[in-house]
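Just one chain follows, in the form predicted on its own, and it is written as structure tokens.
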Amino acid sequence: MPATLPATLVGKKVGMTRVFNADGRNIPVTVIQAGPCFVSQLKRSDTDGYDAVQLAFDDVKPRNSTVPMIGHDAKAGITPKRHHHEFPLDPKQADALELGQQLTVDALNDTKFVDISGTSKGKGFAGVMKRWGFKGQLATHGVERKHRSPGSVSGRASNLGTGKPKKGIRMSGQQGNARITARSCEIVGIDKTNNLVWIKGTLPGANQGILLIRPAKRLYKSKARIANG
């Protein structure tokens, strides 16, 4: 596989386990089935206005897909897939790819830290104490049943005195079910036979959830020294 191929993959969260390093230290890891992914579409700046690659992952029976998606995958010479995700590329990386090409965990051979995006677990409607960690109102004698309420809301109005709450004010609402990116996650190990990769620590989402794996964009000094060898 050419070295210019992007280390971007679509994977599925398998679960968590532990591994022991050479010193016998216990390291919690998340196991991801990263691929095999297939190039289902290539977008170029001369035709689409930007350079990107669309990766398809996870086989699906044709009866569980749609005719447009079946035709879309067939145009790339691959069988119907369940998930399709797009990653931006630079022109040199796009030149190294072709329709129908298979990408496996081999793309992560030279990558030590990755950014992983996924959808966090949805936890339903939550008040401000559970959602944001508010202390709550006093629970002493004389206080009505307002112990878990957020307190004044419109009192935090803008300087114009319109009475509207400021944007971004922390209030009750849905907790979780949001796109989360875990940055600079360390790759502990790779199983090329089963297309598995072990990532140190926890990752967003439930088991069997879809995760997007990309090279880390920014690293702390300590991790940058490790990445640079």
Partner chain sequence: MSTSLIQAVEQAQLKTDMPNLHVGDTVDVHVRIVEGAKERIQVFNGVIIGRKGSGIAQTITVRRIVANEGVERVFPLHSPRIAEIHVKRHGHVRRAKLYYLRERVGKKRRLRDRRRGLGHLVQAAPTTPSAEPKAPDAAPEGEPVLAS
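Please read these numbers as outputs of a predicted model, since none were measured by experiment. Positions refer to the first chain, counted from 1.
Heads up, the form predicted in complex with its partner chain isn't pictured, but that's what we're talking about next.
At least one heavy atom of Met16 is located within 4.5 Å of its partner chain in the predicted complex.
In the predicted complex, at least one heavy atom of Leu196 sits within 4.5 Å of its partner chain. Mapping the unseen interface onto this chain, Arg25 counts among the residues with a heavy atom inside 4.5 Å of its partner chain in the predicted complex. When its partner chain is considered in the predicted complex, Phe20 lines it closely, a heavy atom lying within 4.5 Å.
Just one listed stretch, out of 65-73, 168-176, 26-34, 46-54, contacts its partner chain in the predicted complex at the 4.5 Å heavy atom level, and that stretch is 26-34.
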